[in-house]
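One chain comes next, on its own, written as structure tokens: the form predicted alone.
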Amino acid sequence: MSARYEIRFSGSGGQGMILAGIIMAEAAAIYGDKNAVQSQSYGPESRGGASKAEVIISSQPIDYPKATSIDCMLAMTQEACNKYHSDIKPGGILLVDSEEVKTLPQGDFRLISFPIIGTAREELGKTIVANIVSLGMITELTGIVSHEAVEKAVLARVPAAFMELNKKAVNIGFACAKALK
């Protein structure tokens, strides 16, 4: 692992991007024996406005807590993709929801277009867990934290009544990304 790995989760308010960022940071720091910081930004609207969460993961102390060169980015909306993709470093990964992001950007990064929300709807009957599906996908695509660490972090964050649904969602994410490799 390089000294610093930066992940950006982006979409619109209400899609759970900030929760996904928090879970990824906890997976790395609490369950994964790494250093992590998480920051978030969202528009004045709580639902519908652009939002992003950034996570920096490192085996070394993190000297600057803001993302500057994104290794992996998730874009759940066209607006988020357009607004934030230019920060992806050469050789990075851009994962987009294929149902929402129709105009794909060009760049020196690996572009993966996948129906994340549609998969949550079809496989689980609930689009609310699309953020957890995407978290599983990012975990598998990057290998920056273990499956076990992410699953533990997810289950520590969700209400007891929704543990099984979220466990299925993260595992579907692992499997979908594995099939894309």
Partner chain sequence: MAEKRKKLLQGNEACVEGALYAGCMFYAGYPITPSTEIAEGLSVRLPQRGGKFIQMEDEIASIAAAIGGSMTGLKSLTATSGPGFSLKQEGLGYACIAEIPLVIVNVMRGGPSTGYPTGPSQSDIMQAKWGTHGDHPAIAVTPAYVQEILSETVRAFNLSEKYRTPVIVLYDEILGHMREPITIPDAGELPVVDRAKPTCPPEEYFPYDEKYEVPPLAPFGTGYRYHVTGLNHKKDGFPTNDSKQIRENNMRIMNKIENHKDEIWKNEEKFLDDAKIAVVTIGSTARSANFAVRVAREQGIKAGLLRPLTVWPFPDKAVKELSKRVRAIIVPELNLGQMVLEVERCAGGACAVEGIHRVDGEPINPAQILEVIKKYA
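Residue numbers count along the first chain shown, from 1. Predicted, not measured: the structure shown is a model, and the values here were computed from it.
Quick note: we don't show the form predicted together with the partner chain, though the next part is all about it.
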*Choose one stretch from 128 to 136, 63 to 71, 146 to 154, 109 to 117: the one whose residues place a heavy atom within 4.5 angstroms of the partner chain in the model of the complex.*
63 to 71
*Taking 4.5 angstroms as the cut-off for heavy atoms, does S51 touch the partner chain in the model of the complex?*
no
*Partner proximity in the model of the complex: I57 to the partner chain, non-hydrogen atom cutoff 4.5 Å*: no
_Taking the partner chain as it sits in the model of the complex, is A36 in contact with it (heavy atom to heavy atom, 4.5 Å or less)?_
yes
_How about A29 - does it come within 4.5 Å of the partner chain in the model of the complex, if we only consider non-hydrogen atoms?_
yes
_Can you list, in sequence order, the residues from 14 to 28 that come within 4.5 Å of the partner chain in the model of the complex, counting heavy atoms only?_
I18, I22, A25, E26
